[in-house]
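First, one chain by itself: the form predicted on its own, in structure tokens.
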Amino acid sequence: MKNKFSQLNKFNINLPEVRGVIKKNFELSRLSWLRVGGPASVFFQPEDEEDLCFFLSNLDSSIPIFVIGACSNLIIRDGGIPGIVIKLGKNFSKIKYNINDISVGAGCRDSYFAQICAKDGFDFSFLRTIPGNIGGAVKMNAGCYGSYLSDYLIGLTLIRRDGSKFDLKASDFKFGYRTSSIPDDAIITNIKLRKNRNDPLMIEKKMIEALDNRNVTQPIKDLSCGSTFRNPIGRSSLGNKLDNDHSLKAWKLIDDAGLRGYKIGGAMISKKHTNFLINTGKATAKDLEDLGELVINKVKKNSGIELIWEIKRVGIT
């Protein structure tokens, strides 16, 4: 424990006076969907954009920062995260209908946004089953059932490491399958999306069908972060009868390598969906990461294909 905290506290952090919440040595496992991970040297939840800009502009530039959302796509290593961990709170979750677009805060949950928009006839049903927040969904270009967030993105607001704020267009960035060119040191605070109109009853039907399909095919009651690896096919599953080519899907490659139900410590490959890495209750972050690396090696040996992590691994061991 002493070694862990000496690494965490190697920075001489002088913190600016802010209106938001600051906590030192905050246990990040409390926020993790996998319930693993060590502490953050400093945890900061800004009150609003002005508070965030002030904090960053008055923070020593040598101190690293890391932004977390819902922690639904993250393995936080057992040693924790040195420097500043920033999480956007409820004041970054507002939804506003404008004349030509929908504005939504980066801290808004994907599923909540889909449900609110559905009531008013705006179809973002593909977000209903995606865990996490809108900010992270934009950064990784989340999507399923043939739709991706970049398909509807008009623009976004970024705050840089130095506290400067920019309003940028979607065309300023490149987007691909689970990737974007949005800088890692920039914090997304707000997003503008194109209005995608549809009949509210039809949207509701699509969301119910998506939820039913998820409940049947995914281990939703287990501690997991959803899909662990990207599909080598280069797209998400469409979830319909036209989507019958399983040969280049991560779950099939893992299954073919004989890893269904495989365990390391408290970490296990789900028996229900082999692209889900789950914490059976007593896993460490190391168990989970080691199991993921074993999967990559076994699949490469069996098929010649090297899987790429979709889940981020951050912090110190």
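Don't overthink the numbering: it's just position in the shown sequence, from 1. All figures in this text were calculated on a predicted structure; none of them were measured in a lab.
The following text describes the form predicted in complex with a small molecule, which does not appear among the structures shown.
- Partner contacts here mean any heavy atom within 4.5 Å of the small molecule in the predicted complex, and among 115-123, 183-191, 164-172, 196-204 they occur only in 183-191.
- In the predicted complex, at least one heavy atom of A70 sits within 4.5 Å of a heavy atom of the small molecule.
- Within 4.5 Å of any heavy atom of the small molecule in the predicted complex lies no heavy atom of N231.
- In the predicted complex, the small molecule sits beyond 4.5 Å of every heavy atom of R160.
- Although the partner is absent from this view, R77 stays clear of the small molecule in the predicted complex, with no non-hydrogen atom inside 4.5 angstroms.
- Against the small molecule in the predicted complex, the set F66, A106 and G132 is in full contact: each member has a heavy atom within 4.5 Å.
- Of the candidates I102, V85, L153, L88, L88 is the one whose heavy atoms come within 4.5 Å of the small molecule in the predicted complex; the others do not.
- Contact annotation: of the candidates W33, F26, Y262, F54, the single residue with a non-hydrogen atom within 4.5 angstroms of the small molecule in the predicted complex is W33.
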